[in-house]
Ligand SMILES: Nc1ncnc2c1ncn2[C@@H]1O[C@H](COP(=O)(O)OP(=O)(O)OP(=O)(O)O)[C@@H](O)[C@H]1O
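In the form predicted alone, a lone chain appears below as structure tokens.
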């Protein structure tokens, strides 16, 4: 479980996050949604200790973010930031292998190699494993980045807009894989999404943010309503229910 208590964050005189109190359950997919500037990526970065805390506390299970050893935390939580450039001459297998560094520190074992191959297979990258990153499409590189994060073999996986550069088919495929990982392996996935329909289709919990604050938290049925979408995105939505799922007409 991720517990966030009294977290605020400023850059200069601008308040990016304002008194965030939030509990994200262990297991399943939690999606952070909201317009640009809502504070979603900043909150994800604070959870992953990529940015220094200013106020409040965050704990991941029994680990206090910012107070526990980095190596211990790296075996508990992995993050794929929104901007995560990799050296273009790396092969896909080499990139995914970086996810094992917190364990082997540069001396990979047979177990590390096996987990890399498992990650490649899980994300449909085995046939591309020997290819250099600069020969791949943007969507293929994005999948390789997510596979690297998965290879870190942590209970918690944080992904900041992983559907960037993916077409509809690739986006659906990735979300299905993540859904399966949460269900079959008990992984906890916290994901920033721009497309509320993907959040409604695949998330167990949706956290709607706006202006650095949490507007609403709940299941897709709780959040994907005319009232909440209007408040968060300042647009009048048309919401439909198809096969028990809520869908916003675009």
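Residue numbers count along the first chain shown, from 1. All values reported here derive from a predicted model rather than from experimental measurement.
Note that the form predicted together with the ligand isn't included here; everything after this is about it.
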Identify whether the ligand in the predicted bound form is within 4.5 Å of every residue in the set 88, 135 and 139, based on non-hydrogen atoms.
no
Heavy atom within 4.5 Å of the ligand in the predicted bound form: which of 38, 196, 207, 191 fits that? Just give me the one.
38
Heavy atoms within 4.5 Å of the ligand in the predicted bound form: does residue 242 have any?
no
Within 4.5 Å, heavy atoms only: does residue 11 come near the ligand in the predicted bound form?
yes
Taking the ligand as it sits in the predicted bound form, is residue 153 near enough to touch it, meaning that at least one heavy atom pair lies within 4.5 angstroms?
no
I'd like to know whether residue 42 contacts the ligand in the predicted bound form, with contact meaning heavy atoms within 4.5 angstroms.
yes
Stretch from 196-204, 220-228, 28-36, 58-66 whose residues place a heavy atom within 4.5 Å of the ligand in the predicted bound form
28-36
Within 4.5 Å of the ligand in the predicted bound form, counting any non-hydrogen atom, which residues from 144-181 show up?
161
